[in-house]
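A lone chain, given as structure tokens: the form predicted on its own.
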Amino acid sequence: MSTIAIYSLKGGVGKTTLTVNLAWCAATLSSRRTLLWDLDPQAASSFLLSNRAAGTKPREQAQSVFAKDVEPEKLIEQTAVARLDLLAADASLRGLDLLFHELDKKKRLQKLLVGLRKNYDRVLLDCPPGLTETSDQVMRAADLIVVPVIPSPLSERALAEVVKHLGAKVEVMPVHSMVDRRRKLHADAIARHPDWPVIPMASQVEQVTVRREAVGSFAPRSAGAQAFASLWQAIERRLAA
């Protein structure tokens, strides 16, 4: 089993859209038994993938997994996508940083992931933004950290802070996100980092949050679907190296 964290120091960079589409690629294009574990209390990935009836309020047990009051398997739910399961987030995760601090268990997330190895080939973590106790747990547990970067000086500065914080602890894979090649700022950023994968700003990608499904399922021939598929292939190559 390999663990891929989708993480950013900043919010609003397309992190959740990236996570959901990569999870779909893992399950559908690579036929991997895949778990998306939503660690962000905003629960955006959970909203997009959960099969719960509209208006159904979650039981707010997500944090209890880390306190070992509930086994992760008890909260995992199937999605509409074959081979893709979800461990949903809820408002209880707002106190997760404090819980990690009180527990003083630096590898709690890593140990919980070990218990999931028999059931999954790939686990994708949708992480909350910021350098926090939760992000430190993620950095110890992940095999690869994918960082979406909007082509702008501030986003590149945020990436540099992440790389500096990590040191050589784990491999980081920057991805240009929400790219409009018509903008000079975006074109210049891509020219500076031609080896970074690129996810375009496209109407089909924006439709993910409306349709609540990956772009590859409703627009498989679109530029967005092809970009996510290409990125996933690059991730698989990194994991196999």
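All residue numbers refer to positions in the sequence shown, first residue = 1. Remember, predicted model here, so these are calculated numbers, not experimental data.
If you look for the form predicted in complex with a small molecule, you will not find it shown, but the lines that follow are about it.
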*Would you check whether the small molecule, in the predicted complex, lies within 4.5 angstroms of a non-hydrogen atom from each of A27, R32 and P220?*
no
*Heavy atoms within 4.5 Å of the small molecule in the predicted complex: does I199 have any?*
yes
*Quick one: does A225 come within 4.5 Å of the small molecule in the predicted complex, counting heavy atoms only?*
no
*Is there any non-hydrogen atom of E206 lying within 4.5 Å of the small molecule in the predicted complex?*
yes
_Would you classify M178 as touching the small molecule in the predicted complex, given a 4.5 Å non-hydrogen atom cut-off?_
yes
